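This document opens with one chain alone, in structure tokens, the form predicted alone.
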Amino acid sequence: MKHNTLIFLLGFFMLQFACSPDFEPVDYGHDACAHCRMTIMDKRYAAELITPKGKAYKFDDAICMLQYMSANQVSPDSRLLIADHSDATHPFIDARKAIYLHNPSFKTPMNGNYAAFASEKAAVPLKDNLEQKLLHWEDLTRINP
């Protein structure tokens, strides 16, 4: 009985792993934003939405992703990823857990002017220089872009 349960659990987790929607790297200079159709050029602000079925939608900034989500039915189980502004390689991080700063100096492609950071620690030095407050994903969803 224990072996059957163990085999079932292993199979279940392997199936979950195999079906996990994966990140699709952005081809900068070639991929178009799913919302505004502009070519995604700036690695510092790119974003990606991955549906539970694994379809990836790429955006040139957080505001385009929010506008797309407002205009389309997006599953709450979708993965939302955004480029980490503070890391020189700009890896994608969980957009719902990221910390955001808003300032015109960011000059994002659609003038949303939000930059994402993996942690408060990474955002605080810039926050202090720009005299801005730290924002969370919920704060961005309350704006009407």
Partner chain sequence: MMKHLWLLLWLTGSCLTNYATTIRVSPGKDALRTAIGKALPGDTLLVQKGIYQEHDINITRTITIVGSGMPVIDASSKYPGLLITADSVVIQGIQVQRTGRSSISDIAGIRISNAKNVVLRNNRILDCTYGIYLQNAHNCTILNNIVHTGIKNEINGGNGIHAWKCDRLQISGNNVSGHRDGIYFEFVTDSKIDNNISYTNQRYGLHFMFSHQNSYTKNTFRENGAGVAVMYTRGVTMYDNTFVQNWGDASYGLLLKEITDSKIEHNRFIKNTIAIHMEGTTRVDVLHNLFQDNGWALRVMASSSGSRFTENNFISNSFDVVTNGTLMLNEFHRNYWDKYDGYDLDRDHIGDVPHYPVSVYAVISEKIPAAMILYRSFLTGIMEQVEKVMPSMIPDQLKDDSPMMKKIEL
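Because the structure is predicted, anything quoted here is derived from the model rather than measured. Numbering follows the first chain given and starts at 1.
A second form of this protein, the form predicted in complex with the partner chain, is not displayed here; the remarks below concern that form.
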Name the stretch, out of 43 to 51, 74 to 82, 91 to 99, 116 to 124, where some heavy atom lies within 4.5 Å of the partner chain in the predicted complex.
43 to 51
Proximity of Asn103 to the partner chain in the predicted complex, heavy atoms at 4.5 Å:
no
Might Met110 be said to contact the partner chain in the predicted complex, defining contact as any heavy atom within 4.5 Å?
yes
Quick one: is Ser70 in contact with the partner chain in the predicted complex, heavy atoms, 4.5 Å cut-off?
no
Are there residues in 35 to 50 with a heavy atom within 4.5 Å of the partner chain in the predicted complex, and which are they, in order?
His35, Cys36, Arg37, Met38, Thr39, Met41, Asp42, Lys43, Arg44
